[in-house]
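Read the single chain below, which is given as structure tokens and is the form predicted alone.
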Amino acid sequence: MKFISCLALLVCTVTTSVVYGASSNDALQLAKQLYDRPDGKDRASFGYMVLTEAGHKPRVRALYSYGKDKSYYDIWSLIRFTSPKDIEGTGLLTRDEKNTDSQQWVFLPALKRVRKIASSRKGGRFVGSDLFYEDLQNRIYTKDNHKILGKEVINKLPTIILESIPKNARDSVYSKRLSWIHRPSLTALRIDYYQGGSQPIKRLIVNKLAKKQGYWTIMESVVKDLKSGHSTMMRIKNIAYDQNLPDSLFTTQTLEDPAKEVAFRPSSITKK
């Protein structure tokens, strides 16, 4: 696989223009296009999570991640850490389904058991990172009211700013999200997350974007806590799409037993 495009995206030196005449239907259609963004029937990747905090050495964690689209609404995912020792074997299973709330289970090797994550904890930090459990769920665009706020050019890249506010305030830990969407790739290059107030609590920035097997893929992104300065970088080293991953991979049985998942791991060696 070859890089078709690699974007080093730095949020600075921007110009802004207001979108006149943009309707709520335009905003809804943009949100739908973002949700419908092609990313294969399934995907498996190897990469790293890097936690950075002022005054401390970066903490680097290796992990495998899997995803499968069972239907338009039913999206399943599995994350498994493989190093360092203090987190090796830890996993998270997420099943988003049309007629139920997102369901999540975590496996902690030290406890040797699977524990279901209560919906009241979706604002909890996943393994001490800047990612909330909700961030690892698949949120259908119809749960929010959308509005186009304007256009912004970031480092010569055109984006459309989309505001998304939950229809039901209790349905999300966020009161609002602003997404800077790069329409050619249908990728949110920046997302600001709010929990009330006029200022965001954290920000996601895409640092690197590439085409893999014909799919636009976020190869590196950073989520930063805007109050503490703590940040979490996610970096993909290798990814494979459309591998016909079995349904059995996305079960609590596999979550509890890493040996059942090993056969589906992509190489940890970066493919050019």
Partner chain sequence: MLLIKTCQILLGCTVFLAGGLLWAEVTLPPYRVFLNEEEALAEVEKVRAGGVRGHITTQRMKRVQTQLFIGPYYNKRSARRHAEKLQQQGMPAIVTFDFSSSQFLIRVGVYTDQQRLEAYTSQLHRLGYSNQVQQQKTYFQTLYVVKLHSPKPQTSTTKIAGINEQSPIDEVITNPAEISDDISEIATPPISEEITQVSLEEEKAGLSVSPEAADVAVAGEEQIIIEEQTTESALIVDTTGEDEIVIEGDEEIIVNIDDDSSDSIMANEDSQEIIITDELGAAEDEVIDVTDSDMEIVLDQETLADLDIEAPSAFDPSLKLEVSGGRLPRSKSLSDYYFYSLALASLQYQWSNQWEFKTGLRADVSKQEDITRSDVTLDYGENYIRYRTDRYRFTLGSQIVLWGIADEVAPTDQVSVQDLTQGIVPRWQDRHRAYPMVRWEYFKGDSKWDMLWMPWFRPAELPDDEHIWAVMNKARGTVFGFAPDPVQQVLVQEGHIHREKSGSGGAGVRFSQKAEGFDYSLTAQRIRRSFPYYQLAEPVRQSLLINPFDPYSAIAESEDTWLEIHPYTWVVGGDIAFIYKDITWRFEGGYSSDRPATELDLSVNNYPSYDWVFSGEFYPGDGDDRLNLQLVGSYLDTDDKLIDRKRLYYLNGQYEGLYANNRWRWRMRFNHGLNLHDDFISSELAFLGWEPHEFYWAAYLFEGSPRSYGGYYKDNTLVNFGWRGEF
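Computed from a prediction, not measured in an experiment: that's the story for all the values here. Numbering follows the first chain given and starts at 1.
Another form exists, predicted together with its partner chain; not displayed. Remarks below refer to it.
A heavy atom within 4.5 Å of its partner chain in the predicted complex is found for exactly one of Ile165, Leu149, Ile140, Leu157: Leu157. Trp105 belongs to the set of residues with a heavy atom inside 4.5 Å of its partner chain in the predicted complex.
Residue contact check for Val60: one or more of its heavy atoms lie within 4.5 Å of its partner chain in the predicted complex. Within 4.5 Å of some heavy atom of its partner chain in the predicted complex lies at least one heavy atom of Leu209. Not displayed here, its partner chain is approached by Lys237 to within 4.5 Å at the level of heavy atoms in the predicted complex. Taking a 4.5 Å heavy atom cutoff to its partner chain in the predicted complex, the contacting residues in 30 to 50 are Pro38, Phe46, Tyr48, Val50.
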